[in-house]
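One chain comes next, on its own, written as structure tokens: the form predicted alone.
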């Protein structure tokens, strides 16, 4: 009797496409002990048609593209300030809404869970701006996007490369010019359960409810971004990239999804989406005259459809080509290489499963060894003969 979709749990990206692919509605997404969502199969409903496994995009190669590469920045300074990088996503989304389409992207709900939602007008786009360093639940959005496409309504769907693959697995051959897909250069996705536990810890320490959270606040600039938790009374908890525990743990790959470390998306020109966007790190070398530290986007145009969509919104943007790909890759390694799990990932989750997220423990795990620990490590790696001589000398003294 089938209990899940993939034989190996580490292969599952959690895209959620299988929930709408199943003709019997037998699959739901359920959190595991690490807080990640995985498909669970209701044996009473499952007829073992295996359609979920056959259509699952995990492990299947992506089409190779020769991408056109640009740097781009939205001309609207206020909109750029509200965006993680250069505000390109909003320009694409506004153009798509203008043609009567619906835009899907990740946003916080009232409980600060990250889920995919649909926007029908520009007001609803605001929640999609800004990075969310938590894996979103896109299962319902994939089903809704597919239903809209079947009704002839244009859809722009943004998400991680694996979520785009999930949508395409659900849509199948019905993929058409009505669908524009936008992914991003993904560092990997952290556990929603871990983030929820972190918020609970913050609220317990302050005795107040967190009502907003920003992973990429630009009050100190785009490069030196901050993470900001806003409480119900308007007070804030502000942390930098190496001092804010959840953000620091994410950047150090402490609690990424297992499938992220073997991700093949984006590698060597293989793309799931029509357009790939990201922060253009290294702008100070690639185009120093354009570096104003307010945010700059990297844009990869992977398909004809993507090039046409970008051209349609180009008047909203300041755009320049990027030709030095070696320098680009040096500053943006995630384009070419998947993340590597932190060596203390297992230690973190052993502690997390007993105690939840504890900032002090996380910062201790991520701290480098102290002087005594370094000395002990060096001694442990000395040749055995030398160790014996040292012990003899110590006994004589």
Ligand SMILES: Cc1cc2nc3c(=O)[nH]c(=O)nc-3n(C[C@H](O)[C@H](O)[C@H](O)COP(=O)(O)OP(=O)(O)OC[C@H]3O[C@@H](n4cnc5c(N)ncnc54)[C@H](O)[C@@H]3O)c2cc1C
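Residue numbers count along the first chain shown, from 1. Here the structure is a predicted model, which is why all the values come from computation and not from measurement.
Beyond the structure shown, there is the form predicted in complex with the ligand, which is absent from this document and is the topic of what follows.
- Using a 4.5 Å heavy atom cutoff, 88, 281 and 334 all lie near the ligand in the predicted complex.
- The closest non-hydrogen atom of residue 248 lies beyond 4.5 Å of the ligand in the predicted complex.
- Mapping the unseen interface onto this chain, residue 101 falls outside it, with no heavy atom inside 4.5 Å of the ligand in the predicted complex.
- Taking non-hydrogen atoms only, residue 231 never approaches the ligand to within 4.5 angstroms in the predicted complex.
- In the predicted complex, the ligand stays beyond 4.5 Å of every heavy atom belonging to residue 302.
- Screening 71, 159, 192, 306 for any heavy atom within 4.5 Å of the ligand in the predicted complex leaves a single hit, 159.
- Among 239, 130, 118, 154, the residue placing a heavy atom within 4.5 Å of the ligand in the predicted complex is 130.
- Checking 307-315, 121-129, 282-290, 194-202 against the ligand in the predicted complex, the stretch whose residues place heavy atoms within 4.5 Å of it is 121-129.
- Contacts between 182-219 and the ligand, taken as any heavy atom within 4.5 Å in the predicted complex, involve 184, 185, 186, 187, 188, 189, 216.
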